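This document opens with one chain alone, in structure tokens, the form predicted on its own.
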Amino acid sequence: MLKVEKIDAFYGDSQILHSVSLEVEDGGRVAVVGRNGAGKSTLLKSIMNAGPTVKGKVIWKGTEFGSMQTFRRVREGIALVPEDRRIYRHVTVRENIAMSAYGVRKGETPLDVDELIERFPMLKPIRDRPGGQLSGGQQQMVAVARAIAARPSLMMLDEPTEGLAPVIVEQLAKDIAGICRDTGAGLLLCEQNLWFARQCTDRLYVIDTGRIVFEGDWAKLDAQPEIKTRYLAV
């Protein structure tokens, strides 16, 4: 479904990604894990043409994106939940999620907002609360629900657990895994929390200083503890 082939990414003269390649199969769930500053956010932005200058290929369902604009990539079926969530503070939870209608693929209709809220236990009692009155965990749930409401083929999440309490992280893992399973959406998750990434995905890449240093499933990672020690230990 998604192939990234040897991309280099730059902010001005600073190179952040170095010949990064990865693949997410149709309906696959893949994590990219690494320390702060490893290049995870830049990778997602590069896929979406949302900031860095990119060399290399981003191929979506067999077609290279080239210079395609960000909003058109969204309408091709990719949803990005950025690290800062970008919830609209002046409208309600329900209205935030309804914004997904602008990113639906041609010929599709967004998921029913109220039915979707029912799938997120944390959102049900706050559906009419303004975004500016939400906690960090509540904002993250809204951002995920807004993304999935557009019926994406692939949902990309950037550090969704950052700053969240452990009980919220556990609930978020259940919600994301369940939504992907029930809708058939693929997942590309960039994350530092290995427990959370393991709950949500089947395969992973480890990134360090803008380079992929490991790829495989979680059992393969467990069999190489030196990878965790060298690239993931804080």
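Predicted model only: the values in this text are computed from it and were never measured. Counting begins at 1, following the sequence as shown.
The next section is about a form of this same protein that is not shown, the form predicted together with a small molecule.
Original post:
Is there a non-hydrogen atom of Arg203 within 4.5 angstroms of a non-hydrogen atom of the small molecule in the model of the complex?
Top reply: No, Arg203 stays farther than 4.5 Å from the small molecule in the model of the complex.
Original post:
At the 4.5 Å heavy atom threshold, is Glu83 in contact with the small molecule in the model of the complex?
Top reply: Yes, contact at 4.5 Å.
Original post:
Is Trp218 one of the residues lying within 4.5 Å of the small molecule in the model of the complex, judged by heavy atom distances?
Top reply: Result no; Trp218 lies far from the small molecule in the model of the complex.
**OP:** Report whether the minimum heavy atom distance between Thr183 and the small molecule in the model of the complex is within 4.5 Å.
**Re:** Contact check for Thr183: no, nothing within 4.5 Å of the small molecule in the model of the complex.
Subject >> Single option in Gly56, Gly178, Gly37, Pro166 placed near the small molecule in the model of the complex, where near means a heavy atom within 4.5 Å >> reply: Selected option: Gly37.
Subject >> Per-stretch contact check against the small molecule in the model of the complex, the hit in 194-202, 64-72, 170-178, 39-47 (non-hydrogen atom, 4.5 angstroms) >> reply: Heavy atoms within 4.5 Å of the small molecule in the model of the complex occur in 39-47.
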